[in-house]
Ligand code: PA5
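Presented below, as structure tokens, is a lone chain in the form predicted on its own.
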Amino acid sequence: MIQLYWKNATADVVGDEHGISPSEMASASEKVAAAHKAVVAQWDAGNLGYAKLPTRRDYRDEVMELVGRYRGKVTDLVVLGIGGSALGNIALQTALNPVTYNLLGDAKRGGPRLFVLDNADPTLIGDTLAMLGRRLKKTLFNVISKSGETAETAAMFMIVREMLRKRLGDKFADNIVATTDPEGGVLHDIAEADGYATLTVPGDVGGRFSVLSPVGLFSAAMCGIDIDALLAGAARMAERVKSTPPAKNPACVLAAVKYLMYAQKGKPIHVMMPYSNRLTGLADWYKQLWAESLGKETSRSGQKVFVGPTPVSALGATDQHSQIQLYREGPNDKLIVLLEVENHPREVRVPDVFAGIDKLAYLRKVKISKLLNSEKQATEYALARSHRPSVTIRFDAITPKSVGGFIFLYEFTTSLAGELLDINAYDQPAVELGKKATGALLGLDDSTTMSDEIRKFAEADAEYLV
């Protein structure tokens, strides 16, 4: 189960200047209630694609059909994708499988090793493919791209396809699964021509909202994650945030706190700090969801607004020894969202040693989970003492159900935030210029206008080269 605790963002705890007063929350609640009504109306009208995913049996079934075909027959699974086609895969694997998963033997692991190639980095690609070596015949590549035109993914796919074709001959298509638009597009057409197995990228779901679709479910299920429990947890949260009155609704309260901190309290930076290494992937997933959804130049009416809280990730307790100095004594421009785990997947206890060293006596026989959660509570207290607001999202345990619930909670909160900021939370127009510029530099566009302009911009001016 997921719970939200927000007392440490109130004026009672961090003061009137940086905390939320009862009157401010009451005022925001009217806006949040209207936002909630608007988002639910979109949901009921069938216009909120991600909201359907927890109960889409067809997507779940197509994933499990392919899992049944490949699991037990492949030793390695390599995902080719970027952004929303990769971060969800990484988040689920990091949260729900052991940190040593890829180091376990094939029999003990029970599923393929998972590698996610999410950047056009020659070392990342080259080292991973070289490492597969003789296991290539039993390696499955899942290329994820709605259109097939995303430059980074397309380049990696072309490399892999040619390598498989040379090494495996006519059977190379058996080692590729394409997750793409089922109706058309470059990757769809190649998949049909070559004969790949395919999975669906939903047409009504943006990449950053797609983790609970075949985009994220296939690699999870292949690696032994219970996707039925994952979807059940998301469905439970979906019902909770849809039907619960705003005052007791975790998504509404979280959206209200984040909106007030951004719009009224001078807190444009929203840090997510999990106190669990397993939840670091979810923090990275959150950064794309929050940044790409809410960072917008124009409102829905076309006015210039330049809005968007900046998402940052940290790790407790590691970053208590790096970032917390800034967060406590630097500019008071941040809301800290702490992720707390009540029951960790594994426990370790400090041994009863060094009895004669008084300064280490407090650590003897202590559970590491108690140490970590004490560090979280200490950080919470230290932030409050410095008038720095924070909220906590509590996991009873890191399970498929709780992870599914967290994912849907943040997706719905993002929709509410889009309403509160009066922007379109589902497009990403600013991403397109970079894509076009990359294509121009590589010769995609016959026109040389953009490429010439970029090259002039990129030329090093000796006056500024030191």
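Keep in mind that what you see is a predicted model, and the values were worked out from it rather than measured. Residue indices: 1-based, along the sequence shown.
This next part talks about the form predicted together with the named molecule, which is not shown.
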Using a 4.5 Å cut on heavy atoms, which of 369, 93, 175, 288 is close to the named molecule in the model of the complex? 288
Tell me, out of 207, 274, 112, 214, which residue has a non-hydrogen atom within 4.5 angstroms of the named molecule in the model of the complex. 207
Hey, with the named molecule in the model of the complex, do 97, 281 and 344 all fall inside the 4.5 Å heavy atom range? no
Touches the named molecule in the model of the complex: residue 128 (any heavy atom, 4.5 Å): no
Should residue 145 be classed as touching the named molecule in the model of the complex when contacts are defined as heavy atoms within 4.5 Å? yes
Test of understanding: in the model of the complex, would residue 389 fall inside 4.5 Å of the named molecule by heavy atoms? no
Does residue 225 reach the named molecule in the model of the complex, with heavy atoms at most 4.5 Å apart? no
TL;DR on 345 to 353, 318 to 326, 258 to 266, 80 to 88: the one with heavy atoms within 4.5 Å of the named molecule in the model of the complex is 80 to 88
